[in-house]
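This document opens with one chain alone, in structure tokens, the form predicted on its own.
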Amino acid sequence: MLITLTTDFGLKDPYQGAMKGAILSVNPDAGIVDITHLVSPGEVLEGAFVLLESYGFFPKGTIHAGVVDPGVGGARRPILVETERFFFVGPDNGLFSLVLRNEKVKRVVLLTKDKYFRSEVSKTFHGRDIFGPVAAHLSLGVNPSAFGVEINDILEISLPEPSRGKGVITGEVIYIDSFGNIITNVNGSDALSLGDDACVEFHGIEIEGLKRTYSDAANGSALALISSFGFLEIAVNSGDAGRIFNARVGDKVLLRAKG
């Protein structure tokens, strides 16, 4: 059974290696797949978006362990969520709330049975000491109910909603990828409803029309298109739009129908 890891641990420090070691100490045959360890530190909504755009491509039964956990050791709860297709293990801070809107939840378990944790649990590293070992035991076939008690609620967070007017949609940046492509919260079908000749305004720059691919614009030119995630994206062909526009998550984007 596969275990995926989505964290904000980074690549410099020993954290993601230690978590993998804790998993393999329980199940040496576990298949571990890194989705990413480069979620911005403590940015739960960013981690939730990364999970949303990746989890569904894995085989049924995959265990998704997520650790973007600024509240580690505090009041937030450690949970295991079982859906009809997958398992999710991590903090109850909204990290799984976007994906769970697409899934039929079978049960949510509050992790209380410390027999499935490491023998010594740090107050600041539950990825290694709780979530990794629980995911590993789960991959060995331990029934989800064995890990604790079922609960009926989890913390939910949401992507910001764009506002819509006649011929106008106002959205905002929700993610900037490592290529510098700027992902907005404007749904692709909504954007296209204004016509493929719609104008995008961002940081005082107007981008005319919606392209199909990056290569539809000249090298170094800005363009707008529908991303592989299905959202309106601003990019620069062979360039870094995030750097060029000095873009930040939360920046406003305006999409206007032509005429």
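Don't overthink the numbering: it's just position in the shown sequence, from 1. Predicted model only: the values in this text are computed from it and were never measured.
The same protein also has a form predicted in complex with a further copy of the same chain, omitted here; what follows describes it.
- Taking non-hydrogen atoms only, D177 approaches a further copy of the same chain to within 4.5 angstroms in the predicted bound form.
- In the predicted bound form, L38 approaches a further copy of the same chain with a heavy atom inside 4.5 Å.
- Using a 4.5 angstroms threshold between heavy atoms, S122 counts as touching a further copy of the same chain in the predicted bound form.
- Residue contact with a further copy of the same chain in the predicted bound form: E206 places no heavy atom within 4.5 Å of it.
- For the three marked residues, L24, I183 and R212, a heavy atom of each sits within 4.5 Å of a further copy of the same chain in the predicted bound form.
- For the stretch 71 to 87, the set of residues having any non-hydrogen atom within 4.5 angstroms of a further copy of the same chain in the predicted bound form comprises G71, V72, G73, G74, in sequence order.
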